[in-house]
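Next up: just one chain, as structure tokens, the form predicted on its own.
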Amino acid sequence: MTSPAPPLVEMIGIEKHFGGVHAVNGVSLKLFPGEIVGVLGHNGAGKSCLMRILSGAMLPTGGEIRIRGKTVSFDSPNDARDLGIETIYQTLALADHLDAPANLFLGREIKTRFGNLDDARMLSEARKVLATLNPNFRNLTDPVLSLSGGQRQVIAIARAIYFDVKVLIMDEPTAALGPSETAMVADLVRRLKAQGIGILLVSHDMHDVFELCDRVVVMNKGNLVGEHDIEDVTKDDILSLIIKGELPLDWTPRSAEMAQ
């Protein structure tokens, strides 16, 4: 997908070396407002490492990151969050013994003017943001350990959007969810896209990728081996890139075939 707007994110020639191992080898990608880009590859391909660099959880060995055209550097995830980059990990990083408001504001708690936790306001704010995502969410004061996978995912998404997310990295957002919860999360992702949020979707689920993504980037052994508009590729094309690191020899863009 092309866009007249400047990219939200540009990663240019990103490198990450662990001794002689090049986990990420000169990878560049762009993400535009209101775009969903699938980031694919086998375990060890470098995709998670690349996303951790963008989230501030890992320092790159080389390369450049630009946010809205401005070169930036991150020393921690807080630096990335300050620029509107949030990450929802597959594990969701929720504190199981805490309730939804406590998880929503974990590490960024609202306090009274006396310096105490403002539990009433955090509950009120949590109720409002969760209602925008799932009007049927009622279990706000239950420990999140007792909630369904879909409800837990809603809390993780709410935590991101409450703090004015511009770029959302989602790691396997529908893993271990049932069909109805998967459909609910997919709908939430589309709504975030409609709000102009740029989403990097790390997934092994081809259905999710082809259902939600505008573009895909595929990594293999630390290298970017393919970047395509979703309408130009098939699932077999993507699997070829993931497994072999290249497209079939007779490959032509699917959009070109349809135009003939």
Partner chain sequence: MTEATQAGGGETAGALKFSADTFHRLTALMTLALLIVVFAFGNAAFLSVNNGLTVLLQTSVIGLLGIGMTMVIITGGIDLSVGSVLALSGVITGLSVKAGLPVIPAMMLGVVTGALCGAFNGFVITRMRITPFVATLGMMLIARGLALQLTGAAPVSGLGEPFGILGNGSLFRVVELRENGFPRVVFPGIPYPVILLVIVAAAAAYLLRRRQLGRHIYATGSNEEAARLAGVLVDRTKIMAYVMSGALAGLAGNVLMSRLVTAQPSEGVMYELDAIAAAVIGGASLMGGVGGISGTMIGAFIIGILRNGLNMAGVSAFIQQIVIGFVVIGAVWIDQLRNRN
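Just so it is clear, the model here is predicted, and its values are computed rather than measured. Numbering follows the first chain given and starts at 1. Here, rigid core means the biggest group of C-alpha atoms that superpose within 1.5 Å across both forms.
We do not show the form predicted together with the partner chain, though everything after this point is about it.
Trainee: Is it true that 18, 42 and 70 each have at least one non-hydrogen atom within 4.5 Å of the partner chain in the predicted complex?
Mentor: Heavy-atom distance to the partner chain in the predicted complex: none of the three under 4.5 Å.
Trainee: Identify which of 98, 129, 186, 83 has a heavy atom within 4.5 Å of the partner chain in the predicted complex; exactly one of them does.
Mentor: That would be 98.
Trainee: Tell me, yes or no, whether residue 164 is in contact with the partner chain in the predicted complex, where a contact means a heavy atom of each within 4.5 Å.
Mentor: Close contact is absent here: in the predicted complex, residue 164 is far from the partner chain, nothing within 4.5 Å, heavy atoms only.
Trainee: May I ask you to state whether residue 111 is within 4.5 Å of the partner chain in the predicted complex, using heavy atom distances?
Mentor: Yes, residue 111 lies within 4.5 Å of the partner chain in the predicted complex.
Trainee: Would residue 172 show up as a contact with the partner chain in the predicted complex if we use heavy atoms at 4.5 Å?
Mentor: Answer no; every heavy atom of residue 172 is more than 4.5 Å from the partner chain in the predicted complex.
Trainee: Indicate whether the partner chain has at least one heavy atom within 4.5 Å of a heavy atom of residue 168 in the predicted complex.
Mentor: No, residue 168 is distant from the partner.
Trainee: Counting only non-hydrogen atoms and a 4.5 Å cut-off, give the residues of 148-167 close to the partner chain in the predicted complex.
Mentor: Contacts from 148-167: 148, 151, 159.
Trainee: Using a superposition on the rigid core, decide whether the Cα position of residue 169 changes by 2 angstroms or more between the shown form and the other one.
Mentor: No, residue 169 moves less than 2 Å.
Trainee: Superposing on the rigid core, is the CA of residue 183 displaced by 2 Å or more between the shown form and the other one?
Mentor: The answer is no; the displacement is under 2 Å.
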